[in-house]
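The form predicted alone is given below as one chain in structure tokens.
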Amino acid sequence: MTALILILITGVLALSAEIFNLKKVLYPLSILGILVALGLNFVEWHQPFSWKYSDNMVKFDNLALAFSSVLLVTVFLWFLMSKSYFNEETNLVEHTSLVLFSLIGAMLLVAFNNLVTLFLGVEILSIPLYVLAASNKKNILSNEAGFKYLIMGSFASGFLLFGIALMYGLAGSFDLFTITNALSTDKVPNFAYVGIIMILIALAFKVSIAPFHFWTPDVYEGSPVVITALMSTIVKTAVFVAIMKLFLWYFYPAYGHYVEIIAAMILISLVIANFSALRQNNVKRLLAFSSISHAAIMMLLIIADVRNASTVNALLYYTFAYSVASIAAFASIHFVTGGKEETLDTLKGLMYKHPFIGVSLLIALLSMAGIPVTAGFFAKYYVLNALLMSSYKWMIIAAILASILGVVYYLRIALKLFEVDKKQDNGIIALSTREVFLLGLSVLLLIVVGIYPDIIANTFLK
């Protein structure tokens, strides 16, 4: 809770930077606020700050502290990556405050206890990202991405609000424990199940689960690389925590009414995402379809129907591994392309032009593909292991086949790194100390957590 309050204060300071002449220290101040907030989460572990007047709306228990820590680590790495994004002083205040408030929305989503807080979290997370997606004013694709994201996000918000209204009609309350009790009765009206499905559709849109994924490749391609990296990480972490809490705990009495729908969405996502990724020549579009596949694999935890600490650990591990790998991949692409065209050919010969960036990108891709000894291997292992005791064991085969296809298109990128094109300009790519630290830390995290998975995988006792 104190971490959320600190980030809120930092966001308000960012908004007030013009008044208090803080523009020159705003970037390091934001990083400092994130690091202090992360430290406060460790201090509160097992002794979370509690305020009785807000506990029925938002509560930072150990689960919320763990996932908010993943969010804080992700945004810390993102700030290291995106320094050049804040170089334009005229937009410094707006960009910084929007990112911080989006982080606040994500932190609300991992700690909500009420459907009102769920809605506020989704909107506070999403609205800044609509603006940031269109923040490259000189690029028509960025303008299109922001507009498309806004319009489709508004439809998703409508579904979410309608679903919440139907759940209120069932229980006469937005409190999730009251709703769970109402769903546990013998006579549950059909409109309550409709409400649950509408909430599922809204959240599926946010994490790009098919058939609600169609906005993703266009928005990823059009947005600035640094913003694509932000939306592909904190959104998935925060919303998947919300999905887990709702559909494995609070809505569980109605589990039989939506589990088959989720299973169908997963299967469609795996097929569409992986076959579509094979045909892409734009790196960001390829990683957009890749993110849909990863979202489908994370969603497997819902149909596994394992309602204990192992599911929480698996999701915690997966979101951490995926977020760090995504930041490393997008950072590498950003450093190479400099905001210009992001085709596969722009990565040709990267291992020879700048081996450090090439190796960093390669390890990030190996982790996304689930290759040992990177963190991505155990991320997929823990999810598939949860399915072994479920009635959806056959989905393990689908997930493994999808992962094999994933190796193919990640290998396409990897091979470009070693490909020499004599006609290509082999200009020097200069990295700052901060950028070297970012890539080095990301690679170190992926390898260390891949070799010693218990660092994260045993966060919660089985």
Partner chain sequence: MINGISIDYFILLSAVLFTIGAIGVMARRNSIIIFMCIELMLNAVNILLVAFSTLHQNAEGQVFVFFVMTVAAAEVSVGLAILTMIYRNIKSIDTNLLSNLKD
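Keep in mind it's a predicted model, so treat the numbers as computed, not measured. Numbering follows the first chain given and starts at 1.
Note that the form predicted together with its partner chain isn't included here; everything after this is about it.
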At 4.5 Å between heavy atoms, is residue 138 in contact with its partner chain in the predicted bound form? yes
Counting only non-hydrogen atoms and a 4.5 angstroms cut-off, does residue 94 reach its partner chain in the predicted bound form? no
Indicate whether its partner chain has at least one heavy atom within 4.5 Å of a heavy atom of residue 165 in the predicted bound form. yes
Might residue 311 be said to contact its partner chain in the predicted bound form, defining contact as any heavy atom within 4.5 Å? no
Heavy atom within 4.5 Å of its partner chain in the predicted bound form, from candidates 387, 127, 197, 80, belongs to 127
Students should find that, of 148, 257, 348, 354, the residue having a non-hydrogen atom no more than 4.5 angstroms from its partner chain in the predicted bound form is 148
Looking at heavy atoms inside 4.5 Å, which stretch does its partner chain contact in the predicted bound form, given the options 292-300, 118-126, 328-336, 266-274? 118-126
Heavy atom contacts to its partner chain in the predicted bound form at 4.5 Å, residues of 267-299 in sequence order: 279, 280, 285
